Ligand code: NVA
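This document starts with one chain, in the form predicted alone, laid out as structure tokens.
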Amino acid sequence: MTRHLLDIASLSVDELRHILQLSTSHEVISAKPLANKGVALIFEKPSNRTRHSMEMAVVALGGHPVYTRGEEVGFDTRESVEDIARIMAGYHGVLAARVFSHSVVERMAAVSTVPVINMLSDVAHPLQALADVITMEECAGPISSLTVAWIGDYNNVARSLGEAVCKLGGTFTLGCPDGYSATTQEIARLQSFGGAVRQSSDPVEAIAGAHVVHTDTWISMGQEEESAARRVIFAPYCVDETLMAHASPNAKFMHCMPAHRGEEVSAEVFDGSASVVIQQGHHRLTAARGALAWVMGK
């Protein structure tokens, strides 16, 4: 059976732990599970960390990455998603796509004879969540013993992070403005994975006692027209030293980047002693190796 990695929600706890174990395994690198195989890296949305981490992960596992821009394949304009996936599956050992709509990776997985990895969609960012878990457990301890706070927009990154934290038995707290928060149904869905979830429109309440604090840009790609309004709405949710003071002593700060100092996070926090954002970014490569090895059945 072909393994796909489209989101964290579809993984069992054992599968999630297996990917995390593979991510840090030197034996996987030695085994070269992608030897003599290509990996299609299709970028409908451009990226810095995702492209570099995935390309180098493919190389480390013995494969050959082929970077392809979205306009070169033209999902549903030049060709249907299904035709693209069927053809590319004949060239490559893995198809990976960074897309606007999650339905694209679902449609690819439905017809592909090789594994499909979601490198980001509007619904999920599983590779980021894997890197975040690796970083948190390295810096703060087992997820099951942590309270992990998310401050800002409840977006695709927050959703995947919440899924991972809850599956691993942690506590996930959300500090989001009204209209940009998780719905009651969404909170129930996260809780069904096994963790505890709390949400407040008050960022101080959300961050209280947190061992790790996450945030993300207020304006994601495709939301540029909302920039002025979002800056006003999210201004009270800037993670600065005053807000971080309400977290647990020695709390760590994380950000998936790119970051905007002076907006969602102050320069003092982003560049300060609590920040592990560079370590977190480097673990995108660690996570990519584990994800690729797992879909290859290692």
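Don't overthink the numbering: it's just position in the shown sequence, from 1. Quick caveat: nothing in here was measured; it's all calculated off a predicted structure.
There is another form of the same protein, the form predicted together with ligand NVA; it is not shown, and what comes next is about it.
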> Mind checking whether each of H125, S220 and M257 has a heavy atom within 4.5 Å of ligand NVA in the predicted bound form?
Replying inline: yes
>> At 4.5 Å between heavy atoms, is L168 in contact with ligand NVA in the predicted bound form?
In response: no
> Counting only non-hydrogen atoms and a 4.5 angstroms cut-off, does L174 reach ligand NVA in the predicted bound form?
Replying inline: no
>> Just checking whether L161 would be counted as a contact of ligand NVA in the predicted bound form - the rule being heavy atoms within 4.5 angstroms.
In response: no
>> When the contact criterion is heavy atoms within 4.5 Å, does A129 count as touching ligand NVA in the predicted bound form?
In response: no
> in the predicted bound form, which of the listed residues (L190, L95, V157, I134) lies with a heavy atom within 4.5 Å of ligand NVA?
Replying inline: V157
>> So ligand NVA isn't shown here. In the predicted bound form, which residue out of V197, L146, L120, I207 has a non-hydrogen atom within 4.5 Å of it?
In response: L120
> With the partner removed from view, which of 105-113, 209-217, 85-93, 138-146 is the stretch that lies within 4.5 Å of ligand NVA in the predicted bound form, judged by heavy atom distances?
Replying inline: 209-217
